[in-house]
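Only one chain is included here, represented as structure tokens and corresponding to the form predicted alone.
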């Protein structure tokens, strides 16, 4: 029963992260249309990076779900192998972005970082105690 509740919480968290990624992608695309002369290449790169980043995030979730059911040694090997697969996929994506003339590599990099930015921002904004501790005088 607890496992089911935990999985629902994880799914809600993932859905929330994806909503923020879509919002940031949309804002970035609109800003690109306003401020960049050739926005099509940048937006294709942004979309490419964002989609791969989302797929890597889903893959990370699946890896963690499976790794927690394994014994520790097997889980470490399994997680490490999956990490290298995601790392290689990211490298291939960057290589394709560099080689393809219709994709802006900077847009791809921004897209790859969007999900990390969302996770960082949502965690910083959700933890009000963190800010209270920063501004609290000690002594």
Partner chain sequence: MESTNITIMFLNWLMGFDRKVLILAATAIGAGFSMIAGIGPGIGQGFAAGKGAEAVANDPGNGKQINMIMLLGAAVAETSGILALVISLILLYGNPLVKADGAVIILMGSAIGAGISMIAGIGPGIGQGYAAGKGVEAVGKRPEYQSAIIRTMFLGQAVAQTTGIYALIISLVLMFANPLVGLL
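In this text the structure is predicted, and so the values were computed from the model without any measurement. Numbering follows the first chain given and starts at 1.
One more form of this protein, predicted in complex with its partner chain, exists but is not displayed; see below.
Engineer: Answer yes if any heavy atom of residue 13 is within 4.5 Å of a heavy atom of its partner chain in the predicted complex; otherwise answer no.
Structural biologist: Although its partner chain is absent here, residue 13 would touch it in the predicted complex, with heavy atoms inside 4.5 Å.
Engineer: So in the predicted complex, does residue 109 come within 4.5 Å of its partner chain, heavy atom to heavy atom?
Structural biologist: Contact with its partner chain, yes.
Engineer: Decide whether residue 120 counts as a contact residue for its partner chain in the predicted complex under a heavy atom distance cut-off of 4.5 Å.
Structural biologist: Although its partner chain is absent here, residue 120 would touch it in the predicted complex, with heavy atoms inside 4.5 Å.
Engineer: Test of understanding: in the predicted complex, would residue 24 fall inside 4.5 Å of its partner chain by heavy atoms?
Structural biologist: No, no contact at 4.5 Å.
Engineer: Suppose contact means any heavy atom within 4.5 Å; which members of 34 to 66 contact its partner chain in the predicted complex?
Structural biologist: Counting only heavy atoms within 4.5 Å of its partner chain in the predicted complex, the contacting residues of 34 to 66 are 57, 60, 61, 64, 65.
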